[in-house]
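Before any questions on binding or motion, here is one chain by itself as structure tokens, the form predicted alone.
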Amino acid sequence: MKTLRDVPVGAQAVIKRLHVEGALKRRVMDMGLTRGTQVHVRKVAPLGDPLELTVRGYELSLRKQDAQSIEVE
């Protein structure tokens, strides 16, 4: 299973499935990270966390811990 955390900087991926539940799932979905959405990994912070993503035309920062629970293809 490839997760959003595994996508290299500069690459794109499509969200396949969210492996989270409850309030965290709602928060992730409210940020626009839903199944079928294309995500571009723009950069990673100097210490490796968080990731900066482009989703639906806007920039989003996401912790690696949260990115680990998002399956992509």
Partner chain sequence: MAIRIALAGNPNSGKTTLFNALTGSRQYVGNWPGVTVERKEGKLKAAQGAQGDDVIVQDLPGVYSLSPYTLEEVITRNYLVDDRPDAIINIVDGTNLERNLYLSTQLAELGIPMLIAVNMMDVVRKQGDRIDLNQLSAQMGVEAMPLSALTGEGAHAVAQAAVRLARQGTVPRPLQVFDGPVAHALAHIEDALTHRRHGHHHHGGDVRRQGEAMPAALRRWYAIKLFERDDKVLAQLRLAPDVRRGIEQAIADCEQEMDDDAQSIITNQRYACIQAMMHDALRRKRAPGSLSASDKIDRVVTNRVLGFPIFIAVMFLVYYIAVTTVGAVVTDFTNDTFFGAWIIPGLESWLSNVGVSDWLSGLITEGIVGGVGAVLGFVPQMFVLFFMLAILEDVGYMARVAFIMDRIFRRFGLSGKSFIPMLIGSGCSVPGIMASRTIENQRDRRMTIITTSFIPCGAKLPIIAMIAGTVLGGAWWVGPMCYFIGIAAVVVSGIILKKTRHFAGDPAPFVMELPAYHLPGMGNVLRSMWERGFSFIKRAGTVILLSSIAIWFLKSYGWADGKFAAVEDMDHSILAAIGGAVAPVFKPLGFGNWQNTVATVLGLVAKEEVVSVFGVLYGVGENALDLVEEGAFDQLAPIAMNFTSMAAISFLTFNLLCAPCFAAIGAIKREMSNWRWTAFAVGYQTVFAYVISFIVYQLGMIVTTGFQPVHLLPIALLAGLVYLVFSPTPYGHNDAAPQAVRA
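Being a predicted model, the structure only gives us computed values, none of them experimental. Residue numbers count along the first chain shown, from 1.
The next section is about a form of this same protein that is not shown, the form predicted together with its partner chain.
- Query: Heavy atom to heavy atom, is residue 25 within 4.5 Å of its partner chain in the predicted complex?
  - Reply: Yes - in the predicted complex, heavy atoms of residue 25 and its partner chain come within 4.5 Å of each other.
- Can residue 19 be called a contact residue for its partner chain in the predicted complex at 4.5 Å between heavy atoms? The answer is no: residue 19 has no heavy atom within 4.5 Å of its partner chain.
- Query: Counting only non-hydrogen atoms and a 4.5 angstroms cut-off, does residue 62 reach its partner chain in the predicted complex?
  - Reply: Because a heavy atom of residue 62 falls inside 4.5 Å of its partner chain in the predicted complex, the answer is yes.
- Message: Residue-level question: is residue 51 within 4.5 Å of its partner chain in the predicted complex, judged on heavy atoms?
- Response: Taking the distances in the predicted complex, the answer for residue 51 is yes, it comes within 4.5 Å of its partner chain.
- Item | Residues in 18-49 close to its partner chain in the predicted complex, defined by a heavy atom within 4.5 Å, in order | Contacting residues: 22, 23, 24, 25, 26, 27, 28, 29, 30, 31, 32, 34, 35, 42, 43, 44, 45, 46, 47, 48, 49.
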